[in-house]
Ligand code: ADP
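Single chain ahead, by itself, as structure tokens, in the form predicted on its own.
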């Protein structure tokens, strides 16, 4: 029909169509691409999720992770000829893991938007059913529809609830989760290949996932979303959440000072802080305008501003959700997934030395200074200098022995 519409421009339907025009009628690739934009895949009608409006610009910081997701998800869809020329295949699964509030779900939404493919979002527990075989049937249906509507992304949020370690079920249970794990393993790496279907998983408990999920061919890549964001990343997060609303900020609001004051805050904490400051301004405005009429309120609305005082009050109510102990605990979980054995041994030795230095040496300035340097090098940076960590660990051990 698209090809016909192009050829019939300027022709009157009540007259005989010239044979020369009929001979030129051809259906081209452009016609099929136009049709694809108008015809919705019937297989996706039950599970189609509107492509999220989140873009990479809405994700503050995390530049390395954005680049890694772009390579793993976008490149196979946009440059398939390169993969074919080199005789390789893209990663079939990517696991995003890290503490709550670091932006895992937002990253999944952004990559779905940027890749412009069908996006199926599955919340971990929603597939579990008490009826025998229903959970496995739900998994099969999702993967079947994803194959039919390829290219597509299947996003499993809170995947640890769906794929826990097998062998942990108590006696007398229905072993539903074990059957679900086996079914997903079969779908990911069975006889029927997944073509142009990417699996994204997000969890804050990677230690609970079944070991078989982490081998190549299933989740080929594990991407750690680290907390807390550094100063530059926090600045970008503030720009994301405040950039659109600069007109409502009072002149005494100093973004640089807010960035410095939010050391240890993750992205969700910063968003909550800005929202709380705006709520403080809203309370003040509504209280002041309670006895005014609608016209007076409308006139005064243009003068509403979020001030430094509103942010100071919000800082008292919104605290960082992760302390140093929680950050280090989560990073230790990441070591076993993203580093090889030699690197892990260096980090584990540094961790045990830091623990030793924390007991009975609080009054020793040299020990505490060396401990601070080693802690900074060991935790909080994903691109670690292992030779420097090894040297600093040895230096701290020598101080402890002396």
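For clarity, every value in this text was computed on a predicted model and none was experimentally measured. Residue numbers count along the first chain shown, from 1.
Absent from the display: the form predicted together with adenosine-5'-diphosphate. The rest refers to it.
My question is simply whether residue 201 lines the interface with adenosine-5'-diphosphate in the model of the complex - judged by any non-hydrogen atom within 4.5 Å. No.
Does at least one non-hydrogen atom of residue 218 fall within 4.5 angstroms of adenosine-5'-diphosphate in the model of the complex? Judged by the heavy-atom cut-off of 4.5 Å, residue 218 is well away from adenosine-5'-diphosphate in the model of the complex.
Could you confirm whether residue 145 comes within 4.5 Å of adenosine-5'-diphosphate in the model of the complex, counting heavy atoms only? No, residue 145 stays farther than 4.5 Å from adenosine-5'-diphosphate in the model of the complex.
Should residue 276 be classed as touching adenosine-5'-diphosphate in the model of the complex when contacts are defined as heavy atoms within 4.5 Å? Judged by the heavy-atom cut-off of 4.5 Å, residue 276 is well away from adenosine-5'-diphosphate in the model of the complex.
Could you tell me which of 263-271, 179-187, 312-320, 284-292 sits within 4.5 Å of adenosine-5'-diphosphate in the model of the complex, going by non-hydrogen atoms? Among the candidates, contact is made by 263-271.
Which residue, 92, 102, 152, 115, is the contact with adenosine-5'-diphosphate in the model of the complex, using a 4.5 Å heavy atom cutoff? Of 92, 102, 152, 115, the residue with a heavy atom within 4.5 Å of adenosine-5'-diphosphate in the model of the complex is 102.
May I ask you to choose, among 347, 69, 357, 62, the residue with a heavy atom within 4.5 Å of adenosine-5'-diphosphate in the model of the complex? Contact residue from the list: 62.
Residue by residue through 106-121, which ones have a non-hydrogen atom no more than 4.5 angstroms from adenosine-5'-diphosphate in the model of the complex? Residue within 4.5 Å: 106 only.
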